[in-house]
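As structure tokens, one chain now follows by itself in the form predicted on its own.
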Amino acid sequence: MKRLFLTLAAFSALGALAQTLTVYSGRGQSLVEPLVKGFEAETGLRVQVRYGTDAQILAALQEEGNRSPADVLWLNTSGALGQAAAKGLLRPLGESLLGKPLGFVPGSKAWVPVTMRLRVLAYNPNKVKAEELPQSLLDLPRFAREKGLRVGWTPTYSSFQDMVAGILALHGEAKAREWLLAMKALAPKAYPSNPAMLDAIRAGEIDLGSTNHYYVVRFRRAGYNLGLHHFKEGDVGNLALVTGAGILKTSKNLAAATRFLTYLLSPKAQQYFVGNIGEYPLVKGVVLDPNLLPLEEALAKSPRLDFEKLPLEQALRLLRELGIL
């Protein structure tokens, strides 16, 4: 009977194959699944992903408590990541990770920024002249009313909710309430996703709507003529929305979780975010899409505030109170 001898390297390979990394992702499956598969192919690690909205993921973690199987938390917005950090769900990260991004490193040091999106105004250039568009998001209801334009919005989407939180942080609740009521008075058509809203602009069902820049970029890459408008520098309508990831305190796979975060910040993964999604990278050595603003110019468009402390709960409460959610 032949004996089977395994080298130490073989044992390590078997261990890696047997190990499963569990990721809770607020990022959409269609957007990031190819990247997850790339990580699996490169490392030999198996990744199990639970997808949902940021709010759904946070609620699941709250319900699971210390029993959660999650290793990595990967979310769409800094507001949700800040909530996770404030609730003590995340482990502090070291400088080997936090030193990689060019900006947006949170004060909590509990999660690492991965990519950036800007809020913009998408519009039908056959219905709206670029030079006539308002310079502030807060003037959008008046502009749409005076021009008789049809407006869409995505109130159930996390980035829209973060934008409302940005209005609260910069202008207070009275102004946020006034803006939301003025928008609601336009009888805007609500869409479950940004692609659905932009497709409605393309099809002529509505004329404009606030969205994330990369959705417009993706429609333009597909050959559709959609307008993209940046408001004046520092306006809340240009709010930078940072995606990010952290390691949960419940993680039993710290080395694998750290390896996953390191992969997200690698030039290869960052180039994927630019080329396949249209987001802004946050590390050096990545070729930008010519449809995007230079990174420094894009960063200057956004208002300056503590992105980790966006009052998301207050925004959700206000949206529910006004019957928008």
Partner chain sequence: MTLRLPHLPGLLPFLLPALLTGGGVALPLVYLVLRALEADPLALREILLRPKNLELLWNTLALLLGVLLLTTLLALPLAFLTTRTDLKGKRLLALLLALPLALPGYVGAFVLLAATGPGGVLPLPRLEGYWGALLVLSFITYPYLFLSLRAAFLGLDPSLEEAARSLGQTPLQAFFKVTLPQLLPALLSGHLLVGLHVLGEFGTVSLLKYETFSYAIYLQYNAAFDRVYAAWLALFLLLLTGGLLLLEGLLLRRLALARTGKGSSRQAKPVRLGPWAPLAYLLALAPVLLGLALPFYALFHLASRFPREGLGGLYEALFHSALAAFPAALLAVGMALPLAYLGVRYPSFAASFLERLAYLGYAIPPLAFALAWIFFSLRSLPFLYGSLALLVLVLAFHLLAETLGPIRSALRQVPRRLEEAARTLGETPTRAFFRVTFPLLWRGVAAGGALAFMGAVKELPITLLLAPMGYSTLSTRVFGYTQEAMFAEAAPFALLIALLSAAFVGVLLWSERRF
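Residue numbers count along the first chain shown, from 1. These numbers come from a predicted model, not from an experiment.
This protein has a second form, the form predicted together with its partner chain, left out of what is shown; the following refers to that one.
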Ala86 within 4.5 Å of its partner chain in the model of the complex, heavy atoms:
no
Is there a heavy atom of Pro195 lying 4.5 Å or less from a heavy atom of its partner chain in the model of the complex?
yes
Quick one: is Tyr51 in contact with its partner chain in the model of the complex, heavy atoms, 4.5 Å cut-off?
yes
Gly244: heavy atom within 4.5 Å of its partner chain in the model of the complex?
no
Proximity to its partner chain in the model of the complex (heavy atom, within 4.5 Å), stretch among 104-112, 184-192, 250-258, 122-130:
184-192
Can you work out whether its partner chain is within 4.5 angstroms of a heavy atom in all three of Leu170, Asn212 and Phe307 in the model of the complex?
no
Those residues of 130-159 with a non-hydrogen atom no more than 4.5 Å from its partner chain in the model of the complex are Thr156
